Ligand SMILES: Cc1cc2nc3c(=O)[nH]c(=O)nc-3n(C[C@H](O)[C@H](O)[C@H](O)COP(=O)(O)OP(=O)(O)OC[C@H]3O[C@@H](n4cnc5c(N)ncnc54)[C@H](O)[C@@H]3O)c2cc1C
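Let's start with one chain on its own, the form predicted on its own, as structure tokens.
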Amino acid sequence: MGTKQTDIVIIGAGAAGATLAVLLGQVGFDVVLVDPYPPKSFKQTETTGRTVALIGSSVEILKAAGVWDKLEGLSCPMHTMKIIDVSKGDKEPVSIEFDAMDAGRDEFGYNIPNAPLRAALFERVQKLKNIQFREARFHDYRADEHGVTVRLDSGDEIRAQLLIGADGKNSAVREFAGIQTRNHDYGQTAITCIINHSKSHQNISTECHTPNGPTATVPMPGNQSSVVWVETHEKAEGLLHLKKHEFEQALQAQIHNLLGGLTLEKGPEGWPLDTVKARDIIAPRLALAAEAAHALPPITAQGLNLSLRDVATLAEILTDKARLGVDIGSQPVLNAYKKRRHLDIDTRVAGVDILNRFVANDVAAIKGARRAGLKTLDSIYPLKMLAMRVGLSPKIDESRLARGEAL
């Protein structure tokens, strides 16, 4: 069996990996995209209980990939972000609202269903003639000063200038490269589902802080919302085994009748929560991106937004260097990627980790500090505006794509 020649091999065709393949393919790179589980066609794909809240810069990246027109009708704008602390049952809830209009925009972003997002990206992959998809698993690779040889479990060998690992938090590419990770298990499960409800969500995304963790309702088209309900493993296991009407009643109580009467549309499903951060995102002829580099719990919805910033930066650097005739897999190019991404990754991973521990804490002093912090933030307008800019309009390593510009 011969060795295929290409420019770039990407392992992992999730949302981030597929987006990267499309962005690179559109500017002329020959790309081989590898994944053992390709999605169904866009028309055959059904929405599951999992959605992703993407901020405006991430939507710009999807527009650049040519998939936004397909997704917009399935997505819902988020005009307001609301936090409610109900962790002290004997006290009045403390709440704060962030309005997109105060930040000079129509919406903070959109809530997008996961499965159609990946299906739309994969259809775009299939339409680009210079992207080849291989339904296979990564086996190993060998790097030298001239390139990298990637071997798949099918026996195929692919010779490229660069290998990109975008194969998730249990990345086989990262493991084979010997890149260690820092891990933290929160002892929590995120329960996800989609609900119908009698009250309008008014395009408000609401996060309730409870003793065991946050519970978020995020608007979807019509009178539907997606839910992320974080609980301890033990309690989550019990909730997932409830009968449908019992789960609906439990959720109704959990969100304090926020959306009126509710019924389950999709789910529930459970996902264990942890943080995984690679100790490095490069190795000879290798770059890690998205969850292969960092995986986060869902609080503040930073995960895919951070991953798409990896993708946009990597696409920009590779495109610029190729136009100058530079070897895109060389160490200076990889160093440029690491330098651009390290501060954004480090600050977001640390911030989400601290916030998750802070929110999911039933210690009286911490609950008091949490509630006092929300009150302070709500009462000092400049501080509130700063929080919106930092959380929802990140400027660290802002790529051309994130600004709505071409590569």
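Predicted model, so just to flag it, every value in this text is computed and none were measured. From 1 onward, residues are counted along the sequence shown.
There is another form of this protein, the form predicted together with the ligand, and it is not shown here; the text below is about that form.
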Inset, instruction - Answer with yes or no whether residue 190 is in contact with the ligand in the model of the complex, where contact means some heavy atom within 4.5 Å. - result: yes
Inset, instruction - Indicate whether residue 161 is a 4.5 Å heavy atom neighbour of the ligand in the model of the complex. - result: no
Inset, instruction - Report yes if any heavy atom of residue 302 sits within 4.5 Å of a heavy atom of the ligand in the model of the complex; otherwise report no. - result: yes
Legend entry - is_contact(residue 298, the ligand) in the model of the complex, heavy atom dist at most 4.5 Å: yes
Inset, instruction - Report the stretch among 101 to 109, 329 to 337, 314 to 322, 168 to 176 that approaches the ligand in the model of the complex to within 4.5 Å, counting heavy atoms only. - result: 168 to 176
Inset, instruction - Just give me the single entry in 52, 32, 64, 349 that has a non-hydrogen atom within 4.5 angstroms of the ligand in the model of the complex. - result: 52
Legend entry - Full three-residue contact with the ligand in the model of the complex, heavy atom 4.5 Å, for 12, 118 and 290: yes
